[in-house]
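Consider the single chain below, provided in structure tokens and representing the form predicted on its own.
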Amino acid sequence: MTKLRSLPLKQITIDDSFWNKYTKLVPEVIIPYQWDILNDKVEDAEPSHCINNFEIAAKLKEGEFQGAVFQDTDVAKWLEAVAFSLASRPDPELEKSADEVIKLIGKAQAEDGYLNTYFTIKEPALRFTNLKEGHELYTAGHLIEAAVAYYKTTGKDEFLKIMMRFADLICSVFSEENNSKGYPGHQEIELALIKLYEVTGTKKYMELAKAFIERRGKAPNYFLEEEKTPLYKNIFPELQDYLPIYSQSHIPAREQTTAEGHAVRAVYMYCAMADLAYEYGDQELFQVCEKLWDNIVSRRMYITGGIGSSGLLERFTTDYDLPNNSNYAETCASIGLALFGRRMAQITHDGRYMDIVETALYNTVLSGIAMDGKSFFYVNPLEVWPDNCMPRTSKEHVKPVRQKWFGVACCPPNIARTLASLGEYAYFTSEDSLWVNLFISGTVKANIKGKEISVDVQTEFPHKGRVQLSIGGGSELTFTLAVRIPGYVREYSASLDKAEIKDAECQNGYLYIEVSGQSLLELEFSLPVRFLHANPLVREDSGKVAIQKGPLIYCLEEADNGGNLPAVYIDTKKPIKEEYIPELLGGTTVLTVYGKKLSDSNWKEKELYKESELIWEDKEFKAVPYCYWCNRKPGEMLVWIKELL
């Protein structure tokens, strides 16, 4: 099966009432704000030190390295977001700023091509002596991805050449002759090397990515052996009692059937495995990807598309262990899940993967950024009581309000590059087809059968299920539109030029319709509000319901419903009221549900336990999309709500 292609971002325009709230922030707010952060110009925010580190490494100033060992990646992801943004919205001043940063990166590069400010400034004698914790290859991966994106957008190759020099060095260092056993402690470079191969045609880059995957998990464990070497130096105290399962190096990749360890590392590795399986026609490796995907989405994923339930080591735990008020669900992990799902959809042409991609994008990824573009969640819980989010407790990682920045700030620039590249998720193409994955108003241009076509998309999705696709192009050209029918849609209708379509093929979650230039395709999806239950083995959610409309998961907030939200019980037999409120949260559908709340009116101040009659208060409760929580004022939040039986 031919892998579907993402379209160049310059061929996609997004002008959508839902997504504009975020995508327009990228060039106008997010990129400038994060540039100020990288230059340590935002008061009361965690310092970044990023540009300062590069200036020291380039010998433009004197000083000590500051920040995390992987601090350079914040600059890399910022540059990648800039590249994606420039593709859809040219900005000469922004491009000039990016060019200057790239020149600075070039000046910080060593004569042999090595590039990493931590080891250049702080530990020059310890290059590649701590792959377990040093993040050199992870950092290189993000810089490579940024260089590829910038080259594809601007055609400028200075950054690409810088990173090719480093990639060439890495290929030499980790060749079969020099180090035939080493691989990254934090996976990322594997998928970056494949991208570098795709844009340069240099096959050794992809071959090294394959070698890193094949070496991983073989006995004796590379990281445990590395710890015994004289130059090894521990960087992270929490990793002193190292378990290889944390980095998915406990067994070979081909033998893995369950998602284990650090969630971001895992899904980045699975992305590379999917890419490699396709490039090499490796069916065995692809079947491993399918098993790992199924394990995540059927046993280890939150209803919001969050993954990695443990606050300790940001990791997967065991099947159905999905606590709501102490979970981690790192924003980067959901971004990685979306990247993995996108690849699986491109390879299989199966819409079930894009169902999960959509869930992650609309819920956890958007939850990770405030609607002003200037504060962020690293952790995405499904239940919050601000009073118990206390330092040095099991919930110290849970923040009840978004933060201006973080000491470890991988998530904010990752969100920026994801929002800037949203079009890559929305559409795919093949030789004779255009695939519509997400329902986002705007326009898309594509080359189908050697001819250019355009499609104008108009929708109020996810609030309403009507989607109009106006096809432009030569009337003599007939091609296929493959439109995803989301898994949550039970009823839909379609018409072409006002004539109802009754015989179109629907396969693997896509509706295949033959269209030609100057056609109008209209779809109507039923998007009723639904009460969802969790598998009873998800112990945290027994006797509870979550609320869904389209791809959006809803939550209760203290701002609408008062405090002590766990005392709320919903009557799922009563109808739900829907109301679109233009002035609320930039315009959103608010749901009113009905039920009861336990009263504390018969409890005295010093009573903690006693025999007591339950006193109920009849109430109505307002629910808003989870992605918007804490955009008004801090307070309690709840996704899974007790069901009144």
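Numbering starts at 1 and follows the sequence shown. Keep in mind it's a predicted model, so treat the numbers as computed, not measured.
Here the subject shifts to the form predicted together with another copy of the chain, a form of this protein not shown in this document.
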Stretch from 563 to 571, 160 to 168, 134 to 142, 74 to 82 whose residues place a heavy atom within 4.5 Å of another copy of the chain in the model of the complex: 563 to 571
Please determine whether A499 contacts another copy of the chain in the model of the complex, using a 4.5 Å cut-off between heavy atoms. no
Verify the contact flag for K61: yes if a non-hydrogen atom of it lies within 4.5 Å of a non-hydrogen atom of another copy of the chain in the model of the complex, no if not. no
I'd like to know whether R417 contacts another copy of the chain in the model of the complex, with contact meaning heavy atoms within 4.5 angstroms. no
Answer for D16 alone: is it within 4.5 Å of another copy of the chain in the model of the complex, judged on heavy atom distances? no
For the three residues N221, Q248 and R343, which mark the spot I'm curious about, does each lie within 4.5 Å of another copy of the chain in the model of the complex through at least one heavy atom? no
In the model of the complex, which of the listed residues (L86, V297, I347, V444) lies with a heavy atom within 4.5 Å of another copy of the chain? V297
Tell me, out of E460, D319, E225, D112, which residue has a non-hydrogen atom within 4.5 angstroms of another copy of the chain in the model of the complex. D319
Can you list, in sequence order, the residues from 298 to 320 that come within 4.5 Å of another copy of the chain in the model of the complex, counting heavy atoms only? S298, R299, R300, M301, Y302, I303, S310, G311, L312, L313, R315, T317, T318, D319, Y320
